[in-house]
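Coming up is one lone chain in structure tokens, specifically the form predicted alone.
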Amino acid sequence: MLFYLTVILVCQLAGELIVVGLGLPMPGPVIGMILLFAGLVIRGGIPEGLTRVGDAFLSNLSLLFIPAGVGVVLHVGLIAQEARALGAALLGSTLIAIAVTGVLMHLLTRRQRARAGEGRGETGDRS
């Protein structure tokens, strides 16, 4: 378990180094997750120990929100000043996410129905 925890932290450190070294405008842990994902794809699966470490992180996920909550409380004045922009960004991103999810769900459902129709010998398009 300690080995796989170290693997996760090394991936995060590598992501931080890449972001700082290349000056990328994204969080280092995101790059670290991409590195970990690429490693798992190359390996061809998720080791049991890594699954247990991931499950432990997920079961204690609420603890990881404490620093973010403290940051919100510390900067509540700044958040109040930018409330209109933050509200617009939240509303806009939520609407965009709903629209993209709906379109994607529609396309995937239609594709799945077409494949199911091919499997039964049907050839007509029902859309």
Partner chain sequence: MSAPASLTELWVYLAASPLTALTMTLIAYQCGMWISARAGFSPLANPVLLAVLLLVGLLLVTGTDYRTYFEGAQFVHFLLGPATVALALPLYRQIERVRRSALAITVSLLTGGAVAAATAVAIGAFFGAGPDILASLAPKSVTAAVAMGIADKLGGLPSLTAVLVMITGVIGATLGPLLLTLLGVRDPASRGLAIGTAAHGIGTARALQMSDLEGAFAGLAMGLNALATALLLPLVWGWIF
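Just so we're on the same page, rigid core means the largest C-alpha set that superposes within 1.5 Å between forms. Please read these numbers as outputs of a predicted model, since none were measured by experiment. Numbering follows the first chain given and starts at 1.
Below, we refer to the form predicted together with its partner chain, which is not included among the displayed structures.
Asker: Mark residue 20 yes when one of its heavy atoms lies within 4.5 Å of a heavy atom of its partner chain in the predicted bound form, and no otherwise.
Answerer: Residue 20: no contact with its partner chain in the predicted bound form.
Asker: Are any of the heavy atoms in residue 111 no more than 4.5 Å from a heavy atom of its partner chain in the predicted bound form?
Answerer: No - in the predicted bound form, heavy atoms of residue 111 and its partner chain never come within 4.5 Å of each other.
Asker: What residues in 87 to 112 sit within 4.5 Å of its partner chain in the predicted bound form, counting heavy atoms only?
Answerer: Residues within 4.5 Å: 88, 89, 90, 91, 92, 93, 94, 95, 96, 97, 98, 99, 100, 101, 102, 103, 104, 105, 106, 108, 109, 112.
Asker: Once you line up the core, how about residue 73: does its CA shift reach 2 Å between the shown form and the other one?
Answerer: Yes, residue 73 moves 2 Å or more.
Asker: At a 2 Å cut-off on C-alpha positions, does residue 48 qualify as shifted between the shown form and the other one after fitting the rigid core?
Answerer: Shift at residue 48: below 2 Å after core fit.
Asker: With a threshold of 2 Å on the C-alpha, tell me if residue 9 counts as moved between the shown form and the other one once the core is superposed.
Answerer: No, the C-alpha moves less than 2 Å.
Asker: Quick one: in the predicted bound form, is the Cα gap between residue 72 and residue 31 smaller or bigger than here? Answer closer or farther; it shifts by 3 Å or more.
Answerer: Compared with the form shown here, the C-alpha atoms of residue 72 and residue 31 sit farther apart in the predicted bound form, by 3 Å or more.
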